[in-house]
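Just one chain follows, in the form predicted on its own, and it is written as structure tokens.
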């Protein structure tokens, strides 16, 4: 059985999962995290399901080897096609969470939701994971999914909050596919980094839902139920691993964790 002071493992293809890690620590500041950014294989959105499942397995084994009490798949693409593998590896000994289920559950609290737009990577959209889950629980809600493949690489390269990013974002959000939506799900954990630009486009006319906050609530609920919330008042040192060092990751990590990240390169496939 895991111990309450064990860390929470979080992984993503790159910097996107930092939004989830930040939300988790904001809600539970005494927790400690081990973060793995698979920058050698980003973006996951262009990879095959088989490859993503293989990456997810290797990273999950790594995080469990680091003594994590929970593994959070902080990537929509990996959640859509690799979470079953992660859950199987974690078994009953290690808790696990994805980013899709908490967001879909959150929609049930919003009675005004009628037509939901979903933007994400090609792989996430092709699985229709969000639409399937939404229709399972809320058959009256209509969905419209749009692949936005340029956004994650753009964000990884540090292109956000500028004229270039706003132009690309506006081009995607203007597509007819997203006409008449009242809610937009940011189905990629990178996208909260451009949420202000998305809000600028809609000017308050569409409710924006990102996964970070919903996932943090779900993680806290699971840890509480299992009696695994860290009782310490201060968190230990967080650990950050990358499969391939990138300067943009380090720069973005310092936005969320000022002065904290000491990045370690760890290639699990050599």
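This is a predicted model, so every value here is computed, not measured. Residue numbers count along the first chain shown, from 1.
There is also a form predicted in complex with ligand DGL; it is not shown, and the following applies to it.
4.5 Å heavy atom contact, residue 42 to ligand DGL in the predicted bound form: Yes, residue 42 lies within 4.5 Å of ligand DGL in the predicted bound form.
Report whether the minimum heavy atom distance between residue 118 and ligand DGL in the predicted bound form is within 4.5 Å. No, residue 118 stays farther than 4.5 Å from ligand DGL in the predicted bound form.
Determine whether any heavy atom of residue 152 comes within 4.5 Å of a heavy atom of ligand DGL in the predicted bound form, and answer yes or no. Yes - in the predicted bound form, heavy atoms of residue 152 and ligand DGL come within 4.5 Å of each other.
Since only the chain is shown here, I'm wondering whether residue 98 would be in contact with ligand DGL in the predicted bound form (any heavy atom pair within 4.5 Å). Output for residue 98 is no: heavy atoms all beyond 4.5 Å of ligand DGL.
If we take heavy atoms and a 4.5 Å cut-off, which stretch out of 87-95, 68-76, 167-175, 131-139 is in contact with ligand DGL in the predicted bound form? Only one stretch qualifies here: 68-76.
Would you mind checking 179-210 for residues with a heavy atom within 4.5 Å of ligand DGL in the predicted bound form? 187, 188, 189, 190 sit within 4.5 Å of the partner.
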